[in-house]
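Listed next as structure tokens is one chain, alone, in the form predicted on its own.
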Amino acid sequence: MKTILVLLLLIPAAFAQPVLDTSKSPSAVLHGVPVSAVKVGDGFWSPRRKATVETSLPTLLVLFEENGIIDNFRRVSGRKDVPRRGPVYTDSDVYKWLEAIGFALQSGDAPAGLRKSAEAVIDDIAASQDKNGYINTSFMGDKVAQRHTAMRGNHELYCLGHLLQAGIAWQRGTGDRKLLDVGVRMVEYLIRDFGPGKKPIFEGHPEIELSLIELYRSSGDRRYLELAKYFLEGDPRNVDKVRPQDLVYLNTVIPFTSRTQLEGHAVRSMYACSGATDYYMETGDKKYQAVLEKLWADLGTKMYLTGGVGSRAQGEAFGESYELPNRAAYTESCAAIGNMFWNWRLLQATGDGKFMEVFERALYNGANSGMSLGGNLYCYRNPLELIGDPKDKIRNPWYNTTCCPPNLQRILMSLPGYFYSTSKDGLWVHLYDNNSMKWKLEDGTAVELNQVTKYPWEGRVELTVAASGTFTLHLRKPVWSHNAKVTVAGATVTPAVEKGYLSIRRAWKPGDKVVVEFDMTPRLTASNPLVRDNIGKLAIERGPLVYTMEGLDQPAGTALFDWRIDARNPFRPEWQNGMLGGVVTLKHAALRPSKPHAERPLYGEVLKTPMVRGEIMLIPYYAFQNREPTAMQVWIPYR
């Protein structure tokens, strides 16, 4: 007991909640470990998190100031006489930025200057709130009459959702409720005036549901869960207020349980699914479970290899099944993050590793690509092919719609909270990187675990357990690793594989070491033939990483799209210490026509073209366009 008390005293109570607190959720199988309990060491993710704290978060605040986004709050409070600037949803970008800093504070990674800047912003936000609890800088002052009048585009409740999430993260990181109380006052305003038996309201952009349910988990106030239910189930009084096509686009208004496929705006869809999964975990409602299973099966026909979703630029939307173009792929960074949010919740609800497979795919590829290695440039869309046009500015420091940069920031700063979970029988390891974890099992047993690895560059992971007691250690076995060699305390073991996890149950002693080696052989991946863009092409993966060709890495004087892989040959991995922050590149035998495609006529008789042998090089997809504009392709023709 003394050991347990000492361990828990290391983590203040305000810091002791996970990213998603399912500790009391009746239909959750797994329960998260707090961000504060996991210290990420030098490895794959540490440079990304360092760039976020040292560059991304400070520079985004400068851009907020330059573009008048913080001034929008000062305008409402009377602290500054300026016009409102930016789209109606800019408040949410500030809230996500604050949420990221809240997570950084939970990790102890935020410098004092960054916290002080954030506290000044919180003060500006609090000063702008109406006496009745309403807050949204687009519809205050001279715009009061426009509140709740155009829910399709107003984003009022979307902004509130991000305010609540920021307030919860800030409170968990600092113990200070000031920001959270601002959000709670607006929730009370909603409960007072809207809902069954009161005025109808709908959100326009799902987000409020998952934040209300996390607020319910934090407070125990069931009214917040009931309000989330109201939004999920829709108010029939609103249906005639929305065009039929908007019922698809918005992913709101109609009952969530009436949905049969993923459609409409991809980010809205992912957030709606996330909120619905949260609701299922709190209620066990089988109708929600059935729909979520059906929608996840549909995701298997609409997700890119990178974990990105949303193939259409028009409406930033899902297309039909297998509609996955490469060059035209929209795949907004926020949509990949939404995919992660949904699959994390499904994992907590079921303990099934197939959901963590999608989470890891989206994390390492579709989301990780969204922020440059330097931390100051961002992708709004993440295509799988580019022609190399210098005018195609795929990475930019600022977008008028600035949703992606702070979303990426909050994922990277909350990342320690996604490494582990607990269950009744033990500890679950979901992600691999150098880190140390100090927490407790659900029976109160203190446990420490240290990971040493060069994952994802190498497949060996050493885990040292410091605990006394009998429990099960569940190690995720990625589906791409055809085999996994495991030793425990020096002895080879063959653990059972249960739902994608290697389950090792034993009486553990302090210092017990588990070593697992995953198969990192590069893989040639083919699409279902119904993905018409990829017929006759292959993609290359190694470990959790998708690889891509960039034109500047290929033999001088050759064109990227002339090359085809000679699939009969193996790949040659090479560690490149000075390239792109340090990466494993893949070199491979390839062929190109003796006469470049660009010199051939548009149409002509099928003739045998002499081929020239050579060697191509591939880099991890997440690092594309970090040097200079150049052609890029993930799916490569092969012979």
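Please read these numbers as outputs of a predicted model, since none were measured by experiment. So that there is no doubt, residue numbering starts at 1 and follows the sequence shown.
The form predicted in complex with a small molecule exists for this protein as well; it is not shown, and the discussion that follows is about that form.
Partner-contacting position among Tyr95, Tyr432, Tyr158, Phe318 - heavy atom within 4.5 Å of the small molecule in the predicted complex: Residue within 4.5 Å of the partner: Tyr158.
Contact residue in the predicted complex, from Phe202, Phe518, Tyr89, Tyr216 (heavy atom within 4.5 Å of the small molecule): Partner contact (heavy atom, 4.5 Å) among the options: Tyr89.
Interface segment, criterion being heavy atoms within 4.5 Å of the small molecule in the predicted complex, picked from 434-442, 239-247, 486-494, 399-407: It is 399-407 that comes within 4.5 Å of the partner.
Partner contact for Phe341 in the predicted complex: the small molecule, 4.5 angstroms, heavy atom: Close contact is absent here: in the predicted complex, Phe341 is far from the small molecule, nothing within 4.5 Å, heavy atoms only.
Contact of Glu332 with the small molecule in the predicted complex (heavy atom, 4.5 Å): Output for Glu332 is yes: heavy atoms within 4.5 Å of the small molecule.
4.5 angstroms heavy atom contact with the small molecule in the predicted complex for Trp563: Because no heavy atom of Trp563 falls inside 4.5 Å of the small molecule in the predicted complex, the answer is no.
Residue contact check: Tyr380 to the small molecule in the predicted complex, 4.5 Å heavy atom: The answer is yes: Tyr380 has a heavy atom within 4.5 Å of the small molecule.
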